[in-house]
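Below you'll find only one chain, the form predicted alone, shown as structure tokens.
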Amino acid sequence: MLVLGTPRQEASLQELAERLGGRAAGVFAQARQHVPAAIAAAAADRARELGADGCVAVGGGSSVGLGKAVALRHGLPVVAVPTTYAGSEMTPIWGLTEDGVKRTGRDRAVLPRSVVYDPELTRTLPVGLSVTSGLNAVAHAVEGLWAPDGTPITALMAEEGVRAMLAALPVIVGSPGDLDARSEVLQGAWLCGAVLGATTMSLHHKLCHVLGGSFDLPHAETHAVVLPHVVAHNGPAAPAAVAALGRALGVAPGPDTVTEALAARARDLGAPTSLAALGMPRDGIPTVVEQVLAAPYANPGPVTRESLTALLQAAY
């Protein structure tokens, strides 16, 4: 197995490879957010050179995404060991970024064969990243609630995933070493990720993929900033989703109350609240609008140039 992760993890990846002994073919510690195509190709080449028969992806979405890229190219099975809370290990969705454009797709071949959840591995995850990766997972569940192919089962999973995540994250903010809270957040991540894996992505993910691919914005933080604005946009056309979110958040159902509750939770948890704070240039808004409008996708509410521009200006 080829052990995958980021440069910052290299020492721990080497330790894992040593523990795996003869089961480890080597280590590739170059994972980056948004999975640059060149790095994905280098990892796939390294797996082939070493004769690896699979990958162990340790870390967050960058590491898991790299494992998926290798699986997409060579069909190698992936074992995911997530150390953040976004939940991408539960989805068959892959992404590759090249020349400022992020391409995504869905292929069962990239879905990890096994996932190892261990709250001890997340105990030292910084509070800020715990929060933003958790809100990233919440965004997965929200999109599943208004997806055209959602079911009563995915709706129940989404509602419980949001509830669990937003109940436990404040505990982690106050007590980062609380293993019970980190266990509950991992359960929320699993639920939210599984929902995204079973349903169709809509406006929120399209926006975040374009923003990340075009401007190299931090992935989880971008989800945290954009989510309340997409809920405000889609809420009037998705009453069942809004009702479920109201129950999960413990607020009265309604697009305005749910939107404000989501925004307030993000603020209270210390998450970033604007695209400007993430480094996006204001003059990049038209670029995002054009890219989002260029590819059709399912969405409960109509998406126009004017509504997209207004949404992005509010998020900015």
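Since the model is a prediction, treat every value here as computed from it, not as a measurement. All residue numbers refer to positions in the sequence shown, first residue = 1.
Another form exists, predicted in complex with a small molecule; not displayed. Remarks below refer to it.
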My question is simply whether residue 91 lines the interface with the small molecule in the predicted complex - judged by any non-hydrogen atom within 4.5 Å. yes
Close approach of residue 34 to the small molecule in the predicted complex, 4.5 Å, heavy atom: yes
Using 4.5 Å between non-hydrogen atoms, is residue 6 touching the small molecule in the predicted complex? yes
Quick check on residue 75: any heavy atom within 4.5 Å of the small molecule in the predicted complex? no
For the chain seen here without its partner, which of 288 to 296, 21 to 29, 7 to 15, 301 to 309 has a heavy atom within 4.5 Å of the small molecule in the predicted complex? 7 to 15
Only one of 169, 86, 225, 145 gets a heavy atom within 4.5 Å of the small molecule in the predicted complex. Which one? 86
In the predicted complex, which of the listed residues (177, 174, 126, 100) lies with a heavy atom within 4.5 Å of the small molecule? 126
Are all three residues 61, 121 and 220 in contact with the small molecule in the predicted complex, where contact means a non-hydrogen atom within 4.5 Å? yes
